[in-house]
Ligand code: PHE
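Presented as structure tokens, the chain that follows is alone, the form predicted alone.
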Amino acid sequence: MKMNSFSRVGFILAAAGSAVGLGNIWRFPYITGEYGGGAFILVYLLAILFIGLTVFLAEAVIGQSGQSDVSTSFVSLSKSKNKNWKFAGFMVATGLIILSFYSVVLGWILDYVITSFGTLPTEAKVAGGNFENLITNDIGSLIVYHTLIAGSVIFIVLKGIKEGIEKINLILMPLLGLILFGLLMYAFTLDSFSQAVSFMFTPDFSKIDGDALLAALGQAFFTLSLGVGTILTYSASLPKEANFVKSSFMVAIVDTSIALIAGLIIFTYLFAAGAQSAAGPGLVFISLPVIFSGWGTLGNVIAVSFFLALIFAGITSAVSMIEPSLRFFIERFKMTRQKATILCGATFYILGIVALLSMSKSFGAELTFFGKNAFDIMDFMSSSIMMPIAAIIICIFLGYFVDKELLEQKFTKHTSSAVFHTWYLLIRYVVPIAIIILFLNKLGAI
């Protein structure tokens, strides 16, 4: 095994760490609440199985086969070895863009970890005002938080695959699981737990419409960190004989389980306080602190634990977003890891400063273009344009420009021929169409 490669357990934890992020603990519960619970979760699970896992396996087979950066892996796996496939490497830039504003959001959460040791707001209006003041006025604190998060990410990735990314995931992923387990055990003691279970696992199909289907597809796709080159790059650090199929299924199971556990925890807490399930994006930063405030000192302990879980989940995702760019510069431009990290770290750090300033009252007007501030532009460009395009390219590439027999050989080392042919059918026809529908729908919402 190469010194800078993952062990199988390390790969599973690192890929799961990449997948498990704010989308699982923050976004998944509030979207589930907006679309009525059980029926949405059923659709989401089907989307994970047939859409998300299909693209995940696609990135894994490209990465493990290529054993290099994104551009080089595409060229080497193509039938004709066409060098134009090197332009597929554009997807590595997506991770840096996401990391720029993701670091800012983690800065907000770091602020909530600190303030949760003190007095929590008792009214939604006060909680909302506190959050609004943080992101629009408290520029100094946000820059400090962003610097701490960015510095942590840079420090981790400087250590490399084994000593940095794998090791931090071996620490943070179990800690995340332990915190969530503790929060779940407390939720289990509350009378509202059964209500949360019923809400999440009793389907009401009257709540499902076109928007719900697209939301489920989008959540399933983006929660697995697809279309940014992360899974492809991580898979390139897997030994060639490793079972990428089994590892991919394990990552999907861990990712989905944590999302469901987070949903059970949050809905139990919401229902215990008589709050609404459809609390929207403000659920974590406005609704939950108010609920925790009613539980006295225990509420402070739970608040600190909850926001620490978000920080841990976010950090494991953050380190994964920068790795594809690092490998690109190391492999294609023969940079040292230190130089590549400094370049990529400086890029996302500066973009993050622009993103956080664009939400402030002092600089927002100057950093708003076409009706969107820089933060929202980065979010929209990465999640609504660059990631779907990258995923479509991956599907077309494997479905039409890679030798089918070669792919079958790689898959059937680890799974049945029936699984391969199902995956191949999905990658050629079903998944590209589903992603194109999602892509066009998001563009129509500009």
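All values derive from a computational prediction rather than experimental measurement. In case it trips you up, residue 1 is the first one in the sequence shown, and so on.
Only in words, not in the display: the form predicted in complex with ligand PHE, which the text now covers.
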Exercise. Would V92 count as touching ligand PHE in the predicted complex under a 4.5 Å heavy atom rule?
Worked result: no
Exercise. In the predicted complex, does S100 have a heavy atom within 4.5 Å of ligand PHE?
Worked result: no
Exercise. Given that the partner is absent here, does L438 sit within 4.5 Å of ligand PHE in the predicted complex, heavy atoms only?
Worked result: no
Exercise. Does V251 make contact with ligand PHE in the predicted complex, using a 4.5 Å heavy atom cut-off?
Worked result: no
Exercise. Where does ligand PHE sit in the predicted complex: which of 264 to 272, 315 to 323, 333 to 341, 208 to 216, heavy atoms within 4.5 Å?
Worked result: 315 to 323
Problem set entry | Residue (of F306, F328, F348, F222) lying close to ligand PHE in the predicted complex, criterion heavy atoms within 4.5 Å | F222
Seminar exercise, completed: With the partner omitted here, the residue among L426, A434, L22, I12 that in the predicted complex has a heavy atom within 4.5 Å of ligand PHE is L22
